[in-house]
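Heads up, the chain below is alone and in the form predicted alone; it's given as structure tokens.
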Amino acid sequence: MSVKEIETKKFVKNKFSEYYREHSSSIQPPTLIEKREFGFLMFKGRIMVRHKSFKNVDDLSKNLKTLVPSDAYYSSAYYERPEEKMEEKSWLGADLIFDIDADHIPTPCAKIHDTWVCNNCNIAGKGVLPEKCPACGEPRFNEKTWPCEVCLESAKIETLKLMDMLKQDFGFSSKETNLYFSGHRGYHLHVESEEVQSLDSMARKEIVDYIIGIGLETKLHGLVEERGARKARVLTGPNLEDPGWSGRIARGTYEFLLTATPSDLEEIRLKRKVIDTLTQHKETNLEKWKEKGPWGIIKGVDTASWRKIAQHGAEMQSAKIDTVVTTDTHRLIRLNNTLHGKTGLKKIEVPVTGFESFDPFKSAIAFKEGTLKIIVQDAPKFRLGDQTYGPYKNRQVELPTAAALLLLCKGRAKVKEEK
């Protein structure tokens, strides 16, 4: 690590220290703070300090001001002895946590602003991080991502789908759910209810499988062939208003056909004749949803083709979550109103009722005063607050503190040395 990189990290830590000195009173403690484990990722060496516990928020705030971590976390679990080693903590239960992150959502913008370099052979690429290097097969990479507006909007869409499922299908009330912007590229949704606290990992996996639509079979949700008049085979299917996955399959199918282009239909491997037929009868197809769906009304579209369309519709309705986070009954989750080490933005609670209009690039800004002079190596065009910045390439600029810290935390800039 070069001297300049060390100086940049030290500078960022000093800014984080300034934040915690001035805003420690805004730190929002988790429910039953004394039964939670806390962990802190340190700037130096990226070491995780774990198995910490606090009796109250004042002790927690003092610790943040003293340690000044890059990132602060607390356990989704409740423990009898949270400061002990994992096997001696005595697990009492855990909240149900969902993490919706742009990293798990394929977006076209990823090929523009996300890059990776193999740590073994140095081959570089853009877009979604591969499981293994395509050149040498090693799984270790140096990755650079970016929290753009397209990424955050994609994460919001997935979060809205999740919220709808939790309310309509699982019956969780708004009082039992809390929604947060993570401070980086997504959202966290916490369910705090006695009904879920005792669930083990397998039970939580069942919830995950339902949400992401694992093992869905359209025929089990009403898409079946029946004998009609004169013994003719008639295809029937679910309606838009049906509850659970039946209705979701119908709505997903409708929304897909509403906007699908011939190339979209090609991607789900429909035959050319079927594609032509669907394209020609698009208006009739969509109009029939007002009655009982289009299933079987168009000659030339067989049952197998409708199943492919419905299956794709179901995939569109599933919510893309980080499955590991939800099934882990000991998970550490980011502490509310603390800073994210990759952006300098805050993790903040989001009002569920106003979520659709929520703007993370305005609401999560922690540093609202002053400017900084930095040297930017490479940064895409981005917005923070009401201002747009960049793109920058090997350029010295003076930016508002929040915008400069975002670039510094992302490793795309260095602090300008004052002579």
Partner chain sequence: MAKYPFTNEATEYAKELELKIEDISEPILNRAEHRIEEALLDAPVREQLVKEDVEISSFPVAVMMVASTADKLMKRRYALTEAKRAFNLLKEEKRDKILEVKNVFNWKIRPVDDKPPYKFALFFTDYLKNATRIQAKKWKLVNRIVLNGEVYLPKYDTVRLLQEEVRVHIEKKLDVKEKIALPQNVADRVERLKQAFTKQKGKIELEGFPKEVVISAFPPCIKHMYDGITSGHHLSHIGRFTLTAFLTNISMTTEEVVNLYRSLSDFKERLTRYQVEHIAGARGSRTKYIPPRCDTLRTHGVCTGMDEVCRSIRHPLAYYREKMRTIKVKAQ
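Positions refer to the first chain, counted from 1. Since this is a predicted model, take the numbers as computed values, not measurements.
Missing here is the form predicted in complex with its partner chain; even so, the following discussion is about that form.
Trainee: Tell me which stretch of 215 to 223, 275 to 283, 111 to 119, 141 to 149 has a heavy atom within 4.5 angstroms of its partner chain in the model of the complex.
Mentor: Residues of 215 to 223 come within 4.5 Å of the partner.
Trainee: Check Lys132 for me: does it contact its partner chain in the model of the complex (non-hydrogen atoms, 4.5 angstroms)?
Mentor: Answer yes; at least one heavy atom of Lys132 falls within 4.5 Å of its partner chain in the model of the complex.
Trainee: Within 4.5 Å, heavy atoms only: does Ala124 come near its partner chain in the model of the complex?
Mentor: Residue-level check for Ala124: no, no contact with its partner chain.
Trainee: Heavy atoms within 4.5 Å of its partner chain in the model of the complex: does Glu349 have any?
Mentor: No, Glu349 is distant from the partner.
Trainee: My question is simply whether Glu84 lines the interface with its partner chain in the model of the complex - judged by any non-hydrogen atom within 4.5 Å.
Mentor: Answer no; every heavy atom of Glu84 is more than 4.5 Å from its partner chain in the model of the complex.
Trainee: So its partner chain isn't shown here. In the model of the complex, which residue out of Val196, Ile157, Ile268, Leu257 has a non-hydrogen atom within 4.5 Å of it?
Mentor: Checking each option against its partner chain in the model of the complex, the one that comes within 4.5 Å is Val196.
Trainee: Of the options Pro262, Gly300, Pro106, Gly244, which one has a non-hydrogen atom that comes within 4.5 Å of its partner chain in the model of the complex?
Mentor: Checked against the cut-off, the match is Gly244.
Trainee: Heavy atom within 4.5 Å of its partner chain in the model of the complex: which residues of 168 to 203 qualify?
Mentor: Heavy-atom contacts within 4.5 Å come from Gln168, Asp169, Phe170, Gly171, Phe172, Glu195, Val196, Ser198, Leu199, Ser201, Met202, Ala203.
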